[in-house]
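In structure tokens, one chain follows: the form predicted on its own.
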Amino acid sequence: MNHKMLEKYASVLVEIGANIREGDCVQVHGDTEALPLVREVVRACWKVGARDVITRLTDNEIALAKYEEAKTEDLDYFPAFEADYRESMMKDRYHLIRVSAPSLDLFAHIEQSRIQCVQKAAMVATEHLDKYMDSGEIKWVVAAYPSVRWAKAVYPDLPEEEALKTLWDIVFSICRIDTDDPVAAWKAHDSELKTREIWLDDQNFEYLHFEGPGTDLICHLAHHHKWIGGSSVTPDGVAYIANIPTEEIFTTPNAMKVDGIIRSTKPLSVMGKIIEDFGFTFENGKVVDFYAGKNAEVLETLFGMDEGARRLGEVALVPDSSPVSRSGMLFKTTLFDENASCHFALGNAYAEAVRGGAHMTEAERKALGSNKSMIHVDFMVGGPELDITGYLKDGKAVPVLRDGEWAF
């Protein structure tokens, strides 16, 4: 591993991602596979003048041990003090940087009911913490660390060492780390996304029509919806970019007004398993039917989490010519694959994607069409054959994407 490149990666996460500033407190979450990058992120936080940096490490093999060995009746135990600890950090405005190596299908052999039990218990115990993120006061970023497991999954025909090097090279390229000044490159990219965001906001579309192979969907947008591209902004005006990489511009669909059929164009990694060849039928905003060529039971488990899990919480636009798409790779992790393709998310909507949403109650956002759920699971629908047309309140049609590319 090129240590200089690792330092540049950390600088982007700290200075552009969470945009840590002098006096900020930070929590850095990582897994053991990502430890080299975690160390550089912590060092970078101190360099920019952080007041405090707390590091929390997890390990996928240790997590696997619980799924494999714990008694069934203990799987839904989540200690109250853990939720209290997380809330204390939120109250004290500890901004979040999360770095991990994708677990891929490490948990594929685990019974779905055991995974659901563990994850649902954690979601229920920490659901009340959403309000701190909704307020926009916590800056955060998530990023991925190339591991041997991930490299072998993406490049199964390459020797292990070559596969890992190749994956690092493409991650550095997509994340703009291989430029002379990655921080400047990200500021320029953010500016371009903001130009698209402003145009979409100015249209104030009533609904979007998605058309492509296996897809014919009408998606109304929430009242007072707000498009977000690139950086978000805290209430005191500090910008941060929550995902590295990011190519999307997203907003809030009306959870009660989505109708038609849609087919996913890429596999989905969720709950430790890969779902392939799947699609949904929506009526009045709700999934009423679905299919999957592989691991359909995972979708069934997702839909059983709560009522909002069958409705949409996000619609995101990404041109087919994005750097992730141009790579021609399936990364098998949502953080990267969603940036190759237009996508939707089942489940929870982001408060910031409704105008004034950060200052509204959950009931007020729901009245505008915003969805509430414990889950937020992105699935990809874009590609070179996708057309999207926006319709204004007076019925006028406006091309948004044609053959997968921006039409404006």
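These numbers come from a predicted model, not from an experiment. Just count from 1 along the sequence shown to find any residue number.
Just so you know, the form predicted together with a further copy of the same chain exists too; it's not on screen, but the next bit is about it.
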**Prompt:** Quick one: of 89, 287, 138, 124, which gets a non-hydrogen atom within 4.5 angstroms of a further copy of the same chain in the predicted complex?
**Reply:** 89
**Asked** Among 277, 283, 74, 307, which has at least one heavy atom within 4.5 Å of a further copy of the same chain in the predicted complex?
**Response** 74
**Asked** Could you tell me if residue 377 has a non-hydrogen atom within 4.5 Å of a further copy of the same chain in the predicted complex?
**Response** no
**Message:** Test of understanding: in the predicted complex, would residue 363 fall inside 4.5 Å of a further copy of the same chain by heavy atoms?
**Reply:** no
**Request:** Verify the contact flag for residue 51: yes if a non-hydrogen atom of it lies within 4.5 Å of a non-hydrogen atom of a further copy of the same chain in the predicted complex, no if not.
**Result:** yes
**Request:** With heavy atoms only and a cut-off of 4.5 Å, decide whether residue 39 touches a further copy of the same chain in the predicted complex.
**Result:** yes
**Request:** Work out which of the listed stretches, 339 to 347, 377 to 385, 40 to 48, 353 to 361, brings a heavy atom within 4.5 angstroms of a further copy of the same chain in the predicted complex.
**Result:** 40 to 48
**Message:** With a further copy of the same chain taken in the predicted complex, which residues across 379 to 408 come within 4.5 angstroms through any non-hydrogen atom?
**Reply:** none
